[in-house]
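So this first bit is one chain, no partners, the form predicted on its own, shown in structure tokens.
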């Protein structure tokens, strides 16, 4: 009886101390955010709205120091494919990361790296009935110096915690997760291709696994990460893509979850993607509203490079208003081009009417998509309202999209030492 009473008292004291820490942290953060808004670079301020992540609780989290590793038996190791045969998301590495969360057991459990395996779920698991699921996409690159680097994982963790908050899933300390991912890459480091035409794709995923029906916050969850070697997402680096822009289909809307990386955002797009393929187009250009605002292209952010009425060159991309995903590559492109100071950079609404007008006046220079999987993908044409809009993206001798892609790849593969691509120790 005494031991039971003592345990309950300790638990209450711990919970009270945690709430005090949380309140203090929120008050301090609110003050520091005001200072940061005044001092930070404008593009950095637009990277993510940090206010929406104030609820992220990194006090109750898993820790890298508790990570254990169980290696795959040598006779179960898989043969590695040739780089030329790589297809996106088809072949996976020998190990995976798993971290369970159970509210009744105090929250996050200890992280483990284990041999790649199937996941067993209760038939009533929330992920299966209510799409309580989110994921991230990251890449590890083998540099020219032999070192392996992951590109801006901190930004992925910020976005992942934001997605978790919107889905009623538990949050965690992002840097602890990055350390666990680094260790996973170390274990399977031979899967990182020895080629600058390929990389190792990381897919951290968080799902609700409660074995109960009912649309409510998950008390049990599984955070896991799997990895696969990948080549070019499309056929070739300079292979341009054509788009179908049909205003009768909408990917996201204000107040929705279009700016979160949830699986439920992607499944409903497959039917429209198939329609684009049937019409001879590779991707869908998603439009929104009566004025047909451009938002995303397939699963990528979109950029437009044009010449305005004063003869100035401008790079524009839709703003982070909740309709589009705050892409890591998108933000990196904005920051790179800001450093160049060679043309104007704008984050604003762009409509198909403006695209048509620019094209007819020969002021539309380039359009391209950006994302982790493809890095930068040039766009050659758009089918819109039964007309084809041709875009001279790849017709220029030194297009901006290629320069952006080459600089990002130089950072990712270690040709340029840069804080965005930290080597795995």
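Numbering follows the first chain given and starts at 1. These numbers come from a predicted model, not from an experiment.
Only in words, not in the display: the form predicted in complex with another copy of the chain, which the text now covers.
The candidate spot formed by 175, 189 and 231 lies out of contact with another copy of the chain in the predicted complex, as no residue has a heavy atom within 4.5 Å of it. Another copy of the chain is not drawn, but in the predicted complex it has no heavy atom within 4.5 Å of residue 309. Taking non-hydrogen atoms only, residue 299 approaches another copy of the chain to within 4.5 angstroms in the predicted complex. Although the partner is absent from this view, residue 85 stays clear of another copy of the chain in the predicted complex, with no non-hydrogen atom inside 4.5 angstroms. Using a 4.5 angstroms limit between non-hydrogen atoms, residue 123 touches another copy of the chain in the predicted complex. Interface residue among 344, 271, 348, 110 relative to another copy of the chain in the predicted complex, by the heavy atom within 4.5 Å criterion: 271.
This chain is displayed alone, yet in the predicted complex one of 157, 244, 304, 127 has a heavy atom within 4.5 Å of another copy of the chain; that residue is 127. Between 327 to 335, 258 to 266, 349 to 357, 178 to 186, the stretch whose residues reach within 4.5 angstroms of another copy of the chain in the predicted complex through a non-hydrogen atom is 258 to 266. Taking another copy of the chain as it sits in the predicted complex, the stretch 196 to 221 comes within 4.5 angstroms of it through a non-hydrogen atom at 201, 203, 205, 207, 211, 212, 213, 214, 215, 216, 217.
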